[in-house]
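First, one chain by itself: the form predicted alone, in structure tokens.
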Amino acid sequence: MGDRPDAPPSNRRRKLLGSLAAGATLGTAGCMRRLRAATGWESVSPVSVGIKTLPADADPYALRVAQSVAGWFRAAGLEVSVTPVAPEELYRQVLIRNDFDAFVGRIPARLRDGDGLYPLLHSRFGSEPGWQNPFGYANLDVDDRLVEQRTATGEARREALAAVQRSVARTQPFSLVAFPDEIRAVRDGRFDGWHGIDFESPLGYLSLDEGSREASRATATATATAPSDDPATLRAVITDRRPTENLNPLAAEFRWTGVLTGLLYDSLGYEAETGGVEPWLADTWEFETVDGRPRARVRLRDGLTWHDGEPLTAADVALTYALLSDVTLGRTTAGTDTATEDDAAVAAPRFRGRSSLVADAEALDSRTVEIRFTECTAGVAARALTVPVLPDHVWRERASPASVGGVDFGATSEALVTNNVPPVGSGPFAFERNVPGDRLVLERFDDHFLAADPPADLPADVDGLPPFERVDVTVVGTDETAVSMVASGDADVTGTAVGAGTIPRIGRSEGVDLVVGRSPSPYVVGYNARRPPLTNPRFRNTLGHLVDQRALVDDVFDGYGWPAASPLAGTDLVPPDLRFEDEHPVTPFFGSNGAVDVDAARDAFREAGYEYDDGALVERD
């Protein structure tokens, strides 16, 4: 019996390949070559995508988002796997090794401004580690617009950024899921000011006030475990162990918000709520334009010191910018004049966007540093003043090659791989001790410039050093345990946000307040545009149509989140046509209420050049 003329092509191909393998019907070399050519034209493979994400005990939402998205992708015919990976390893695979098809995670809040999109999406950063274009996204129009917005002002800059956002929404280097609400449990009485502070900024913790002792004693009688008699210690409980193991401010895979390293290290300036940058470690600065580029002369506050007693000078600032632009400090191969691959400059990935603004920095005297910038506006250049300032006498020697057991690892240096324990900073808190994976204790630095005579130009609500003398951070395994510790009086705050499922427990706990605020750090499904089929923007666009943001906010975030079409959502930089109303304005969901319209999805994939075989999405080899 022969093949029916209308048999599916794949069935014919399998039969022919079976014959080819058996050598039963074709004996000559010419026939074999012809058959291989013919079957090659029909050879197809299923389209598969692996999604990596955080396990449930490390993130309350990421795994559930990944599983929901995987279900929608499968409904459209894709082969999909979901793999939970521990936080440190996930960010190492995504940000450093680019070893992923797709991942579900969050974009850091520090990238959520106009110029933050430059390192996140420009193709020049596609091969660099860290949050420098981890998607491998390449779009020349977007590149041009990202460069343009760095030098433009006013409406011209807004138009450039609007064009970037429209292209990104259409070509989907990542599918934006939602901005989650940050949910925390805080203890009444011992400290005041929890409501309204920025928990992702060290300035938020510095603005806390001492609470009412009467309220604290009342709480003690109402809870099974009395609150600590030590009001001088702020006790935070977290579910992420990484901050207790590594205090290197440059380590991209260990740093998320930078709150703890922000207490240990000062920056020249801080990002104000108005969106500008105001002096912090700097006393003053003046910008001028030279040859079309900004130049800043920065004057440090008087009497600054590091935690080990060494003076903090302009030379430390100059070393910081040199190290951020090249963590090898221009290392050359000893005894040779020939540059090698290992001699290439290696920028610190965590601050690449900001350090790329700086051409060079020079100490003019002990308190004055001159910073010359690349072509940009002074407003954009000021962002470079928010990087942590590092001590020359500690970090210069870390420019040496990274090595393990005496074996060098080439084009990187100890500056990127050191755990930096104990750290030497200049911030309002100094390192006291740690137990990796379990606990970290910081001690107030009473020689900080905030201590004696606080300057008048401090951020709102910060009027000197805070009322607590220590910060004690404890790691626990789950959100529920973290909330229980606050409820029992063993902690003052959940230092990492907890899931919406803990809200009933928080509400029932005596002396515990629920604090809910909107996070500027969105969840995304990030795609690796270096790997087919994700190299195809039409394929990614169709995947974007398979993410039901409304359903995720309702079912995964329990309503504690808000969908959006741009990472700049909530700012005045989003054009009206990209505002998320009832649905995504560019890639609306194929279906409704979490149910995929399979026919619409199949039509879109076919338009993108793919086929279906027995209900499975396939592509030609």
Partner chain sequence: MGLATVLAQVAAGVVALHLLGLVAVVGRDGLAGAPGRVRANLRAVAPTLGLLVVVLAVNGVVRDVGVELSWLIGVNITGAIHALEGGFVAWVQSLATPPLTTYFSAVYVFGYAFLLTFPVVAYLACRSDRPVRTLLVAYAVNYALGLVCYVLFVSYGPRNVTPEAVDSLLYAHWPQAQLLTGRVNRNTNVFPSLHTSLSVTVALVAYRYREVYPRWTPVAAALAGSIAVSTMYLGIHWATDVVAGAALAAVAVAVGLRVTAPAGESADPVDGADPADGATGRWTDRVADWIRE
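Positions refer to the first chain, counted from 1. Note that the structure is a prediction, hence the values are computed from the model and not measured.
One more form of this protein, predicted in complex with its partner chain, exists but is not displayed; see below.
Listed stretches are 43 to 51, 582 to 590, 58 to 66, 565 to 573; the contact stretch with its partner chain in the model of the complex is 58 to 66, by a heavy atom cutoff of 4.5 Å. In the model of the complex, its partner chain stays beyond 4.5 Å of every heavy atom belonging to D513.
Although the partner is absent from this view, R505 contacts its partner chain in the model of the complex, with a non-hydrogen atom inside 4.5 angstroms.
In the model of the complex, none of the heavy atoms of R398 sits within 4.5 Å of a heavy atom of its partner chain. The closest non-hydrogen atom of V462 lies beyond 4.5 Å of its partner chain in the model of the complex. Here is the short version: of E128, D188, E88, D144, the single residue with a heavy atom within 4.5 Å of its partner chain in the model of the complex is E88. Interface residue among S201, S123, T418, S488, judged by heavy atoms within 4.5 Å of its partner chain in the model of the complex: S488. For the three marked residues, P119, D326 and R372, no heavy atom of any sits within 4.5 Å of its partner chain in the model of the complex. Residues T478, E480, T481, S484, M485, S488, D490 are the ones in 478 to 494 with at least one heavy atom within 4.5 Å of its partner chain in the model of the complex, listed in sequence order.
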